[in-house]
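Below sits a lone chain in structure tokens, taken as the form predicted on its own.
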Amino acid sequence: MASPVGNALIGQSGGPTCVINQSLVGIVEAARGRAEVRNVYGAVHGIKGVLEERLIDLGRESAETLEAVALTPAAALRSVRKKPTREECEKALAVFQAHDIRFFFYIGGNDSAETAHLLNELAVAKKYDLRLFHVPKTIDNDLRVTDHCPGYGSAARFVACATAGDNLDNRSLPGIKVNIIMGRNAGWLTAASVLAKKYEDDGPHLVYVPERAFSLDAFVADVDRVYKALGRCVVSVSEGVHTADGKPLLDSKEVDSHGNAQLSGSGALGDHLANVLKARLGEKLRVRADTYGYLQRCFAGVFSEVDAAEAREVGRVAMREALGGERAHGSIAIKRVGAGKDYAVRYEVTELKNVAKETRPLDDAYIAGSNGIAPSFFDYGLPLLGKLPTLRRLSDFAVAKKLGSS
């Protein structure tokens, strides 16, 4: 398919990640030296920046700056949560035409893929020659078609390491600890809390994901059982857990333009669960709750090298497909072709409609009962996190007592 000649534009959308800028730089990198691409621009705050014509010239950035930005978390172009109307899509297309944008890359999750799909349908209807590609990104790991999403490995690494540290803290000063982890509709990130477990009695001892109905009565009973057996209990809970009738434990009145409820802005859910545990199991119990919140997304210095490399490559692949692939539009998907030490991936293009809007839940095979994660998830998750810290315990060699059992 012959490629048009003109300018390229990149936007970033949705929740930022530790490696989203790797994809940005990968796109710019793959455009270098290509005669079809005259200039590479960035839209400040995604589609909102397009509508306001807030564009910057990425081609003027030095290679040194771009490489440093690639290693910097969060969206360098700044992000947005906005679903454009048809009228706004027409305005965006007018901006494309005014600036001779012939290549548009939108880095984001399923909502961003929906925006890309809307823009592409209009461009096709208007017969405007545009190569439009969605570049996947989301810590939620809930995009359909792809094996996993750039951004997930680094966030999962943070969650695994944070939970491992929290488990050690809890072993030092025993009590009940509840950690709330991101995941509106899918439990992929919460499941990652188990990946740094080394010893049989390591936490998290209980894991609750949105793919299973949540019962407060069962939750209290589960915690009570573990606490009585171990003298302590560490719990991981997805922010999106809900009751059997589909209702969230706590309602959020705040929603974005895509209709997504605000879930990560406070510690309300963790506080609620901690209060329930104390009320039902005893006010004197040491019960604490933390909400990992936005720290999971962009914690500087904690990223997976595997994730960073794949995020860079999906950007490169998107540009290569735009310039010489068989499709004028689509979303880049990662396919796993090796496991364990032989872990490897390949990259494919899928239609935008396959990724737009809908989410992919945590695979049922990775869930154990109503409160656990199956061993098979370790085979899936560990290759994405990179090398984890080595955590060891003392052997506790006992010294014989001199004064009896007192």
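These numbers come from a predicted model, not from an experiment. Numbers for residues come from their place in the sequence shown, where the first is 1.
The following text describes the form predicted together with a further copy of the same chain, which does not appear among the structures shown.
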Seminar exercise, completed: Only one of 327-335, 143-151, 281-289, 236-244 sits within 4.5 Å of a further copy of the same chain in the predicted bound form by heavy atom distance, namely 281-289
Problem set entry | Position in contact with a further copy of the same chain when the complex is considered in the predicted bound form, options H117, R102, K177, R312, heavy atoms within 4.5 Å | K177
For this session: Let me know the one among A98, A213, A229, V124 whose heavy atoms come within 4.5 Å of a further copy of the same chain in the predicted bound form, would you?
Result: A98
For this session: Please run the contact check for G11 against a further copy of the same chain in the predicted bound form: heavy atoms, 4.5 angstroms, yes or no?
Result: no
For this session: Would you please decide whether D57 lies within 4.5 angstroms of a further copy of the same chain in the predicted bound form, comparing each non-hydrogen atom pair?
Result: yes
Problem set entry | Exercise: A2 in contact with a further copy of the same chain in the predicted bound form, heavy atom 4.5 Å | no
Exercise. Taking the shortest heavy atom distance, is F299 within 4.5 Å of a further copy of the same chain in the predicted bound form?
Worked result: yes
Exercise. Using a 4.5 Å cut-off on heavy atoms, which residues of 7-27 contact a further copy of the same chain in the predicted bound form?
Worked result: G14, G15, P16, L24
